[in-house]
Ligand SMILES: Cc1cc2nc3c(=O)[nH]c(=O)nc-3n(C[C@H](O)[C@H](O)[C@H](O)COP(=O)(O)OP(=O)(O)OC[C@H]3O[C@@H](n4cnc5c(N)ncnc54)[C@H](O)[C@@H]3O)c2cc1C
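Let's start with one chain on its own, the form predicted on its own, as structure tokens.
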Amino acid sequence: MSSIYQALVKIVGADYASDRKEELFTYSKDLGTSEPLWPEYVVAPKTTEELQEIVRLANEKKVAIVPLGGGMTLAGLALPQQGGITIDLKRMDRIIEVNEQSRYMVVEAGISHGKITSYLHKHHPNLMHSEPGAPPAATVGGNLAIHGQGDLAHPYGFNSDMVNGLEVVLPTGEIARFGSCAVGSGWFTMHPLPDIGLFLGWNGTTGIITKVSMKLYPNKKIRENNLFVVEKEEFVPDVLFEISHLGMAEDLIATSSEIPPMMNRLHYVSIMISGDSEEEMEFKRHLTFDVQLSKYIRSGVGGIASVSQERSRPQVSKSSDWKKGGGFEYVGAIVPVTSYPECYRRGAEISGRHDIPYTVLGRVIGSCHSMMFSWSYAFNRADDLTVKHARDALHETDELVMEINGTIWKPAIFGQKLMMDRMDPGALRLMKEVKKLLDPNGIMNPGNWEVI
């Protein structure tokens, strides 16, 4: 096996390849409840050409490879189920192009969302991209590989809906481009060329994304977070529908949690609005509260909890990492917005059974076309019992998502199997054939979306 290490060193240099246990340990675990799974090697390529050589080596040696971005999925999706080589892509982080007039940018897939935000703020302050609710180290490629969403999900959709083009290293080591870039016309659109769905949401099992053209959006000068509160969960879907109908919110989230006490059994709707002037902001506030939500205020079932102008965009992940020991993991589901009341009630019951104060959150996708609903379970990393409680709660929640006819978002191996058990047989057969065609040696993140 030392020949593999020597080959990796030859490709990327001694500073960027390792088989040392103390460094492999870092890559054996993510921030969630998954048990450690160790790679045999870790390598950090700088260029697409280096990545191609690594993939060809893995094919030659029949060794598994697992692409890694920021490692923020929490669900073990980038842990090596069968050992092999973990490929850390964070050195592939160049900004290649920003087109202000067509509102897109081309980046290497290992770039972090935090770096993009900082770059745009400094060099293109009138543009913004859809930031996931994760820490800034989350990467563009990792987010796309799991169908990630961000704070522009309402009204624009998933981040994977905001792709103009991709460059991918296929499991054989070959390069393929998709979108207008494939015909030499620039990186401005995916349409009307063949779809790239073979790589988005596949957890790196069909190829490794190396370059992305992503849509950018107007960045207003003023941003304000308005919290609207209702006591009954049954009102939340209607409130969200009314606000989305208005079409003036930049982000739309409903949340409830047992901690802090002021939020327990209440439901807060975060309405992010933005504008280029105080007149524009006042107009949007007037339509939101004095017109669209006035019936809830007049009847006393809802009210304005707070209004605050934000310097930075909120990270929804911060709402759950509160317990001693600093651990949390969540199950995400894509469900209709009308499912919020049942998701809240059932989630609070599961949390109670496992002695975990409940935390739930729902982010509107599109114009109330769906909702990303998450149930978060905090645990103490140093306390095995609390880790077990959280893991059991996560599995129970995966089963709940299937019971209420949702789809599990960013599913771990357990959740993937639940969904494949219910999946249309034709779709399963096609998935199996696609993976076999693209990855004949079965080296790409094996264990994920594994069709038996």
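All residue numbers are counted from 1 along the displayed sequence. Given the structure is predicted, the values throughout are model-derived calculations rather than measurements.
The following text describes the form predicted in complex with this ligand, which does not appear among the structures shown.
Distance criterion of 4.5 Å from any heavy atom to this ligand in the predicted bound form singles out L89 from the list L89, L293, I85, A254. Just one of G347, G302, G141, P171 comes within 4.5 Å of this ligand in the predicted bound form, counting any heavy atom, and that one is G141. Contact with this ligand in the predicted bound form, defined as any heavy atom within 4.5 Å, is confined among 274 to 282, 331 to 339, 115 to 123, 67 to 75 to 67 to 75.
Not one of P45, R103 and S213 is positioned with any heavy atom within 4.5 Å of this ligand in the predicted bound form.
The shortest heavy atom separation between Q149 and this ligand in the predicted bound form is within 4.5 Å.
Contact annotation for H354: none of its heavy atoms lies within 4.5 Å of this ligand in the predicted bound form. In the predicted bound form, A145 approaches this ligand with a heavy atom inside 4.5 Å. Shown alone here, R363 lies within 4.5 Å of this ligand in the predicted bound form, counting heavy atoms only. Contact residues in stretch 197 to 216 (any heavy atom within 4.5 Å of this ligand, taken in the predicted bound form) are N203, G204, G207, I208, I209.
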